[in-house]
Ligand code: ATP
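Here we start with a single chain on its own, the form predicted on its own, put down as structure tokens.
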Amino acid sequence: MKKIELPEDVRFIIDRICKSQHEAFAVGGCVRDALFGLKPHDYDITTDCSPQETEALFSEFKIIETGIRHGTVTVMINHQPYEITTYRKETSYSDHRHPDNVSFTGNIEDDLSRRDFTINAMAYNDSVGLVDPFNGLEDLNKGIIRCVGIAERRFEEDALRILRCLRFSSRFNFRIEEATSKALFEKKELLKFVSVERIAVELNQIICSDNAEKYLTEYKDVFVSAIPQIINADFTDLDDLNKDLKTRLTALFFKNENGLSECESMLRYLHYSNEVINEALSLLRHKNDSLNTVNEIKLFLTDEDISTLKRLIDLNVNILKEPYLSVYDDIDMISDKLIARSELEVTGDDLKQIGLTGKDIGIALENVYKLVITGKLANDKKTIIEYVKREMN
């Protein structure tokens, strides 16, 4: 019997249910990850108890009923939520996302048969061991993503599974089984039924995986069905970048002549935050900046923060194939030693006293600041005022 070390709270939940003459198992992703040697982030539990029976069994704990209509009761134990869901079968999916009706069943295999992929259709408890009617463990060991049952039907039921398939494949670098791969292309148009917010969540995980370039390239037609603006994206060398979402989203369009407008269009379509959009556009606007010397880096940092600089260097080196310069090793030190604008030894009032007015004061202060940080002008009040006077004449 394949042994999985379940956390104490999970064993407590399963044991309490089983002692009441019912069944309960850890199920899905937690079983997959544990068998694969990864630490699960959370544990879902499935049982033949009805939601009402589950609530009665754990009545001394805080109960959250937000998913009770679909058979899920969330029990809070030691400040952690545990979802306990009644075995269920699902009928048609009119919206290609959610079941029209859910019915409860007393059979664990019925419940596992409705799940997306074989590696996610396994259940476990200490007394029974591994319940694996669809050979998920074999596929896990061989590195295969395979739909449970007929792949076309699984994707017709819930189109999000198309992107989930690609996400699991890129995360684990698993091969997509032939029939499942074929169905991804045949059913790609169903992605129009998935919200752009959910598409963005899946894209974020795929694009930041170790194998993003491979799967985005091989299944580009599928991604274009979900994100039309990605049609001109370039996935080359994506895996060489830091696993930073803003950097990798920008990289898709970093070589493109119309990259700024194409990137903005995609990010707005997928409802990314203004923070993500503004950073990506800033990187694209600066892509032709020269960053070869300490002074050029200092001048860049007068307008942008150091995180933007590091992302831009990452893109320049790995996407545009510019040489990595030794000065890049010192950018943290360069940034730390920069004086702030507020540390200038002159103020706007000082410049007003020598005759500057309006916008000219701000322009002069900015010019002086850049000269000071690049070492071309001493940060000394008398020296700066004399310089400004000469420039005025």
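Treat the numbers as computed from the prediction; the structure is a model and nothing was measured. Numbering starts at 1 and runs along the sequence shown.
The form predicted together with adenosine-5'-triphosphate is left out here; the points below concern that form.
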Inset, instruction - Examine Lys62 and determine whether its closest non-hydrogen atom to adenosine-5'-triphosphate in the predicted complex is within 4.5 angstroms. - result: no
Inset, instruction - Report whether the minimum heavy atom distance between Asp48 and adenosine-5'-triphosphate in the predicted complex is within 4.5 Å. - result: no
Inset, instruction - Flag Phe168 as yes or no: does it have a non-hydrogen atom within 4.5 angstroms of any non-hydrogen atom of adenosine-5'-triphosphate in the predicted complex? - result: yes
Inset, instruction - Classify Lys298 as contacting or not contacting adenosine-5'-triphosphate in the predicted complex by the rule of any non-hydrogen atom within 4.5 angstroms, answering yes or no. - result: no
Inset, instruction - Spot the stretch among 185-193, 288-296, 271-279, 155-163 with residues whose non-hydrogen atoms come within 4.5 Å of adenosine-5'-triphosphate in the predicted complex. - result: 155-163
Legend entry - Selected contact from Asn120, Gln229, Thr180, Ser225, since only one has a non-hydrogen atom within 4.5 angstroms of adenosine-5'-triphosphate in the predicted complex: Asn120
Inset, instruction - Taking only heavy atoms into account, state which residues of 236-253 are within 4.5 Å of adenosine-5'-triphosphate in the predicted complex, ordered by sequence. - result: none
